[in-house]
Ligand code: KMH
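Just the one chain here, laid out as structure tokens, in the form predicted on its own.
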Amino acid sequence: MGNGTLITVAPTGAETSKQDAPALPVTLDELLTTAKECAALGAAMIHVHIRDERAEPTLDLGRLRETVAALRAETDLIVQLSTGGAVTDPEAARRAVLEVRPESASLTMGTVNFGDGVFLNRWDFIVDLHTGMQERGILPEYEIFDLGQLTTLRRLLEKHGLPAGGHVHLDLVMGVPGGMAGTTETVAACLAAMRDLPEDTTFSATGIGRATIPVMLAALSAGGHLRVGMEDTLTYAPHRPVDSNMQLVARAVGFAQLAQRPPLLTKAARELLGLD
């Protein structure tokens, strides 16, 4: 899986309010500042959720286009849009994200309990997103919230072919209430299940909340890559809130360097993922 580490920053998400986390970037200017700061530290990809004028989650296509254009103009980060949105977003709005034609987009591989809500991902909708990304040359990042979703991914690839560019990249999202645990043992179980995927498959891992550090260390030791950010964790240490996304990226960079797998520059990250 290579000697370097792809570091993705997920700065905002759709679940946390600005009131609860004042450092959360919710405006375009705040997102651009965060993107440039994190790129300077070693992030090569940004996983994007956006907010409206009231700082509420939105999938408005005009705002998405403006955001992607601004990120491309002011950074060289790989821009990945979320097709998950918020758990309340309808399928039509989530699929419409593909019309913005980002380099990459997330694609969740099954339905999962998400705290008190349900993150619904029907098989037909998964296929629709997968084939829509194939048609548009968008790289999917297959998001895996539970072990059985790796079997769903294998079924998807067998029935509907490899993604555009031919490279399979996934993200193990671990520690969500209702999903798989963020432990070394679970990472190992996922690695065993991934043996049935194409040989050059790469993976990132995301630890939610307290799972952040165990998942980072386990993923690095297994040749995996990292996703960090305020979408996934708001506490840097016990009784110490996160000050900024930079803080989380800097920690991930430090762990990657200690593992002798330094952060990949964006050009190398694009080569790893099979992006032009």
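All residue numbers are counted from 1 along the displayed sequence. As the structure is a computational prediction, the values presented were derived from the model and not from experiment.
We do not show the form predicted in complex with ligand KMH, though everything after this point is about it.
Undergrad: Any chance H47, V87 and E231 all have a heavy atom within 4.5 Å of ligand KMH in the predicted complex?
TA: Heavy-atom distance to ligand KMH in the predicted complex: all three under 4.5 Å.
Undergrad: Answer for S106 alone: is it within 4.5 Å of ligand KMH in the predicted complex, judged on heavy atom distances?
TA: Close contact exists here: in the predicted complex, S106 approaches ligand KMH to within 4.5 Å, heavy atoms only.
Undergrad: Evaluate A259 for contact with ligand KMH in the predicted complex, applying a 4.5 angstroms cut-off between non-hydrogen atoms, and reply yes or no.
TA: Contact check for A259: no, nothing within 4.5 Å of ligand KMH in the predicted complex.
Undergrad: Quick one: is A14 in contact with ligand KMH in the predicted complex, heavy atoms, 4.5 Å cut-off?
TA: Contact with ligand KMH, yes.
Undergrad: Any chance S82 has a heavy atom within 4.5 Å of ligand KMH in the predicted complex?
TA: Judged by the heavy-atom cut-off of 4.5 Å, S82 is in contact with ligand KMH in the predicted complex.
Undergrad: Just to confirm the contact call: exactly one of 71-79, 96-104, 181-189, 114-122 touches ligand KMH in the predicted complex at a 4.5 Å heavy atom cutoff, so which is it?
TA: Single hit among the candidates: 114-122.
Undergrad: Can you tell me which bits of 133-163 touch ligand KMH in the predicted complex, meaning any heavy atom within 4.5 Å?
TA: The stretch touches the partner through E143, F145.
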